[in-house]
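Read the single chain below, which is given as structure tokens and is the form predicted on its own.
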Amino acid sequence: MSVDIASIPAVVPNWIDGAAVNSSSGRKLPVIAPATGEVKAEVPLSTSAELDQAVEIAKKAQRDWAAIPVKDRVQVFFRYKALLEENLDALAELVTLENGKTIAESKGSVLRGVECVEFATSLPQLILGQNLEVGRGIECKSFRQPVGVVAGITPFNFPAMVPMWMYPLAIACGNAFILKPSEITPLSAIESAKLLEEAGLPKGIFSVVNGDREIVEAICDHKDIKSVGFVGSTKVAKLVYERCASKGKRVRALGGAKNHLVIMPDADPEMTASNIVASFSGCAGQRCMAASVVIALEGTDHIIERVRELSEGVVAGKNLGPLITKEAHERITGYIDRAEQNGVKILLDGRKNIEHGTPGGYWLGPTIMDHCPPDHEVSCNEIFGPTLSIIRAKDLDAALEIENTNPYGNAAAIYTTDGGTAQHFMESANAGMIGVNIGVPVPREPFPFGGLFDSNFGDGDITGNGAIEFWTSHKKVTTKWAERGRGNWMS
């Protein structure tokens, strides 16, 4: 079986008990291709009863799955990785259709997800317990067990990749996984389910339940869903965290960002400029790791000018994809309009650079706004588009003060050729992911992804080594089989 982009169903099904199942809900939303504005399908807004059905089936399947040795469980993901690579082109086309990314960006995102699948295959070497004789004839050991049925609520911007941050490792750990994909981009989830089935995953271990807020709330409230991973806006991340935590669930909710890149006068001009352009315009700026603010120190005007020049080569409809929805386009252009009205200098106007976009699409070219006040909305709010706000600062201390008063704490980066300056920035910037001459400092496995403050709610991780702890519970056992003489108080 292979992914067939030509056979998109008119109504996107759920995936329950190893099969595509049509929702009984009468509520539906259109699935719109951002590049053309055309309706490609409809997605049902499932009911909580349908979630209950998926969870009940998952509970039964998970008991048998957890009893399988981990070395056997991960064999599914060796096969799944091969199927993803086999179907890379078709999956990338599907991501491009539903999300609007360029094909190159879509391929890159799927391959990043494949890295997470690969990490899951190494679980037998990572989940080793501990064993120690703590007294004569007395042994303590610890090991990890799956928590049961878990869930992931994922966003529109990486419809194939972000779910793969979660379900490969969660399932390899012995859990059953319920995925609630974004209702804007639900197509990749169903194709992933089909490939998992082909890889040999037992029925009921991976489910897809489409929906909107009703299903998110039902996941948070469901007594049999033990852990929840979430990626989305800060507003919703906080609500999901609070609702899950009030029910005693484990939750890791990743929110929004306002990432700052600091340009020092000694920075390499060409590397810095090309890196910043790729960071703020890649994926049309619709990623939580995008550079959205540059803090330019005195003596860096030549680098800013090079950023502008290189940005002119990023063209909507050629090497830049559309925004996700009409509403997103209106919101983002509204930010630019108001900034211009407030006297911010529009160094490059993406509102005018859309002639190569297909008719009906939600196109916006790279937009650079210079001399932005640090407290202006374009300097403070997550815009989530191909926009760059430039703030001027006299020195690194002033730049750090701006970065550190930002309520988000996802990523921050510095461009410099001085090691001492870089070290000072690494130690002082208030962000969970730091870059030195890297504009998108995404950690790769086994290092976990995640920020601080309003970019992250909850404990644990949903990628990397820390995710093993998140998707499992830690059991400790003390044993004594025979009297071997009094050795200590435990004997």
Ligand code: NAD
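Numbers follow the displayed sequence, beginning with 1. It should be emphasised that the depicted structure is a prediction, and the values quoted were computed from it without experimental measurement.
From this point on, the text means the form predicted in complex with nicotinamide-adenine-dinucleotide (NAD), which you will not see here.
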Only one of F119, Y335, F384, Y241 gets a heavy atom within 4.5 Å of nicotinamide-adenine-dinucleotide (NAD) in the predicted bound form. Which one?
F384
Heavy atom within 4.5 Å of nicotinamide-adenine-dinucleotide (NAD) in the predicted bound form - the one residue of L254, A413, V228, V293 that qualifies:
L254
Taking 4.5 angstroms as the heavy atom distance cut-off, pick the stretch from 87 to 95, 182 to 190, 198 to 206, 67 to 75 that is near nicotinamide-adenine-dinucleotide (NAD) in the predicted bound form.
182 to 190
Could you confirm whether D212 comes within 4.5 Å of nicotinamide-adenine-dinucleotide (NAD) in the predicted bound form, counting heavy atoms only?
yes
Please check if C288 has a heavy atom lying within 4.5 Å of any heavy atom of nicotinamide-adenine-dinucleotide (NAD) in the predicted bound form.
yes
Close approach of L364 to nicotinamide-adenine-dinucleotide (NAD) in the predicted bound form, 4.5 Å, heavy atom:
no
Flag I153 as yes or no: does it have a non-hydrogen atom within 4.5 angstroms of any non-hydrogen atom of nicotinamide-adenine-dinucleotide (NAD) in the predicted bound form?
yes
F177, T463 and T472 each touching nicotinamide-adenine-dinucleotide (NAD) in the predicted bound form (heavy atom, 4.5 Å):
no
For a quick check, can you give me the residues of 213 to 238 that have a heavy atom within 4.5 Å of nicotinamide-adenine-dinucleotide (NAD) in the predicted bound form?
R213, V216, F230, V231, G232, S233, V236
